[in-house]
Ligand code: GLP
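Single chain ahead, written as structure tokens, the form predicted on its own.
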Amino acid sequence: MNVILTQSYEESARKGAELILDAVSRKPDLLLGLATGETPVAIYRRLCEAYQAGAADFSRASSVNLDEYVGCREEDSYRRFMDENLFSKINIPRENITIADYAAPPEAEVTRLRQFFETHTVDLQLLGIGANGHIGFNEPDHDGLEAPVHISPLTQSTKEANAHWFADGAVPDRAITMGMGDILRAKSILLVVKGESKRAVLRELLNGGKVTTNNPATFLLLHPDVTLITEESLTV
């Protein structure tokens, strides 16, 4: 694991965006795996700024998102999040965007996305982690983690952490998520960690040397090409 330590989240976001822009420059038709939540917001802002400045071209790129809530309202969906923070501000073709449909039958969406991953390999997967170590919505589970796309029940701690994104605070009980197998099949992974609440799971990832389903982030230790960007203060 390549670890890049920074002095601030803004520096982490800048370095993360630079790595993504470099990847797009080297392979214009790459498939980007994208994340949502607070961590990637500043990264997406920098990608948009680069495109608007004429320094980036996404016209041949494709994307696939990690996850989506089941049965949420359109205004609370990750599709809306991605449109507002990235897709509407760069020139990625709409037909090249793959994300679960929050309003469709979830079992049908699982089947569709599993078929997608049978024929596509993510070139660069952007990740954050939850305070409990979840990757995507792969929640800690001592019985094991699912490898392919699946419907995941959300833990109470995850729902509480995400409630501020919802106007009424009512977070759905389930989400569709890439499985850990899908994530680990990406050619390279960019993990950006932000926030004091992530300190414990981050230190376990960096110092524990143990892969455990109780901290899904530790499965990234099994991947040969992971870059971790985080604030130095979170590692001590």
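Heads up: residue numbers just count along the shown sequence, starting at 1. These numbers come from a predicted model, not from an experiment.
Another form, the form predicted together with this ligand, is not on view; read the next lines as being about it.
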property: Contact residue in the predicted complex, chosen from L66, L47, L190, L205 - any heavy atom within 4.5 Å of this ligand; result: L66
property: Contact segment among 98 to 106, 143 to 151, 111 to 119, 127 to 135, judged by heavy atoms lying within 4.5 Å of this ligand in the predicted complex; result: 127 to 135
property: E38 within 4.5 Å of this ligand in the predicted complex, heavy atoms; result: yes
property: Close approach of S77 to this ligand in the predicted complex, 4.5 Å, heavy atom; result: no
property: Partner contact for N85 in the predicted complex: this ligand, 4.5 angstroms, heavy atom; result: no
